[in-house]
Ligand SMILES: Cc1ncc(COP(=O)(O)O)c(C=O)c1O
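Before any questions on binding or motion, here is one chain by itself as structure tokens, the form predicted alone.
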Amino acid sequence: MQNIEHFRPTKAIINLDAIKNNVSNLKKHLHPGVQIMAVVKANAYGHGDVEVASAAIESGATMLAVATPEEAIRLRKSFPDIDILILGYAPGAFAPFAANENITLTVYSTDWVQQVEALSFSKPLKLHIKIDTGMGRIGVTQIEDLQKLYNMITSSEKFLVDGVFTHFATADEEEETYFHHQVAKFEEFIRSLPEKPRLVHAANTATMLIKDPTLQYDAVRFGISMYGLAPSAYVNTKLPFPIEPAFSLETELIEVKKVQAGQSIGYGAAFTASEPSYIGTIPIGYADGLIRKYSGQHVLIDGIRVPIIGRICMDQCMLLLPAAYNIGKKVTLIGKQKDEEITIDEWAEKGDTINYEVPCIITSRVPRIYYKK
């Protein structure tokens, strides 16, 4: 029976077994007692936050990390007990709600603490102090500011310093000078604190598995590689275990027609057939996240690579086919068919971007269908 929510054949298939395997394999390479913080911000990098979080927790993750209050609220409804950390900015007005829901906030400003302290709390608010060791986004940059912030927080019964962390800017690169500069600065900042918080964390995939395992500290943040994607080509060659991609994207042919030499296709007549050709149309376009820059990228039909031609439309795009396939023929944009595979990294290269962006921009109009054995 047709799912009443999913009539259009365009869909993303999320392999939750891949998520679980990636987390399980990571766990084998961690020191005893080190916690796994599954990073599920941006709807789990476009994979689906609740479903991915559940798979990660089943395999050993003990914390979740998000970017916004709204992401944290959504997850708290499904996971009432697990620790949730908002890695980014949260408005002061959200603090009492966060305390009540046991959502941990990132803090880096004494002004923010002063503003929040004037509010009423039902229970103490857990905070992680962010140290900017060289990323240049948010975080304290001077030891004096860290100490002032720490003292302000610990002097109030409304707050609890639960952690301290930083973010490495070049952990996924082979050159290590800047990375070691950040490590040294982070260690110096930690030593300046009167007491080490419960959780110190800094390591992403590259840091914990390639650069320096001693930097696992109390917890590691498992982000892009939890989804089976390497943060860089360099990291991909150095990983101690294979990671398994979890995301695939597929649709079907909805139209096939034969055109003659000289006939043009699509907006702006951007493609003109040089010989008699079969043109296929598939129901996916830039409103689904298939941006126009992807024109020329290959997809798979019957295990054969065929190119997207002309300009990608809002809801559809056209393919140059090698034969007159039947309507309803499966088309794989990301994933495997027979002996061929088209990866997210290939799409990223075509779009002149990074693999993080590719699944993130596949919009909610494309349903996520979850698979596990």
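Counting begins at 1, following the sequence as shown. Not measured: the values here are computed from a predicted model.
Another form, the form predicted in complex with the ligand, is not on view; read the next lines as being about it.
- Of the candidate stretches 236-244, 264-272, 279-287, 198-206, only 198-206 has residues whose heavy atoms lie within 4.5 Å of the ligand in the predicted bound form.
- Relative to the ligand in the predicted bound form, residues Val39, Tyr45 and Arg137 are all within 4.5 Å by at least one heavy atom.
- Not displayed here, the ligand is approached by Gly223 to within 4.5 Å at the level of heavy atoms in the predicted bound form.
- Residue contact with the ligand in the predicted bound form: Lys158 places no heavy atom within 4.5 Å of it.
- At the 4.5 Å threshold, heavy atoms of His128 stay clear of the ligand in the predicted bound form, well away from it.
- For Lys211, no non-hydrogen atom is located within 4.5 Å of the ligand in the predicted bound form, even though that partner is not displayed.
- The partner is absent here, but in the predicted bound form a heavy atom of Leu87, alone among Leu215, Val113, Leu87, Leu146, sits within 4.5 Å of the ligand.
- If you take 166-191 and check each residue for a heavy atom within 4.5 Å of the ligand in the predicted bound form, you get just His167.
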